[in-house]
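Have a look below at one chain only, the form predicted on its own, in structure tokens format.
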Amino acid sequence: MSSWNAVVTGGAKGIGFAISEDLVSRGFNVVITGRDSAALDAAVQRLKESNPKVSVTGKVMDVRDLDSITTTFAEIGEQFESLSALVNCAGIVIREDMETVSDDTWLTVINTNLTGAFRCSKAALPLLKSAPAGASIVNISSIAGTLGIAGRTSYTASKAGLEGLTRTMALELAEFGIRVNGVAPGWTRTEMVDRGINEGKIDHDHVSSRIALKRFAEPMEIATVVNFLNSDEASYITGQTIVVDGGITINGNT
């Protein structure tokens, strides 16, 4: 079995699944986590079929729940002696503005997108420290982390916080040979985005017109950047958030 082991939170769907699929193609053993056991089972089956030579496991975990995180990473520690990569991809977006967002909604988004990434990184730290050739953490941010996007108060705050956390973790973990970076995707054709388009909540043509490359990203275009950061080719990169947005942030606000 490969000695390269990775965990991808939110790895059953969308960008998380693409990241997992790319890791498997690179020969990593992968653990994917999520709250939907049926989606996890389906994703694990697809990943196993794509590379039968590696280990693929799905674990039900809620990144908002510290006990769930602690239990899951204890189980991962029984499975692997070390982790080479942790990708904090689990996240949600709830479209409410500052005036209408409730405290419960605010906390749900912050606890998922920001606190969840912190807690998972902390829980994974003993395994990451044990990686023989150094390890990598990649936090999945968003262009919302640097742009103000009206109607997404909690989401933009969580992603801005995640980018600050990425920089500080990079400083604190460098002595252990652990690099910490972020990737900030722009508009990407995931199931969630497609649902927003179909429901009329996202104006595909308007958004595309704002993107320099005039199209949405495919999930694998995000995944390959994430796993570049997880690779030895990025051995001198830490504390950075790489924007992968087709040029929308150089073309004004979304």
Ligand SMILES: NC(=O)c1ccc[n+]([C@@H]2O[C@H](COP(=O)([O-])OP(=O)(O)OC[C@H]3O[C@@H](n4cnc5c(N)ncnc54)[C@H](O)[C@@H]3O)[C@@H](O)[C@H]2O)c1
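No experiment lies behind these values; they were computed from the predicted model shown. The first residue of the shown sequence is 1; numbering continues from there.
There is another form of the same protein, the form predicted together with the named molecule; it is not shown, and what comes next is about it.
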Decide whether Val63 counts as a contact residue for the named molecule in the predicted bound form under a heavy atom distance cut-off of 4.5 Å. yes
Would you check, heavy atoms only and a 4.5 Å threshold, whether Gly91 touches the named molecule in the predicted bound form? yes
Is there a non-hydrogen atom of Phe80 within 4.5 angstroms of a non-hydrogen atom of the named molecule in the predicted bound form? no
Distance check, Val44 to the named molecule in the predicted bound form, heavy atom within 4.5 Å: no
Taking the named molecule in the predicted bound form as the reference, which of Ser84, Ser142, Ser154, Thr166 has a non-hydrogen atom within 4.5 Å? Ser142
The listed residue (His206, Lys214, Arg195, Lys53) that reaches within 4.5 Å of the named molecule in the predicted bound form by any heavy atom is Arg195
Are all three residues Arg35, Trp187 and Thr190 in contact with the named molecule in the predicted bound form, where contact means a non-hydrogen atom within 4.5 Å? yes
Only one of 121 to 129, 70 to 78, 179 to 187, 146 to 154 has heavy atoms within 4.5 Å of the named molecule in the predicted bound form; I'd like to know which. 179 to 187
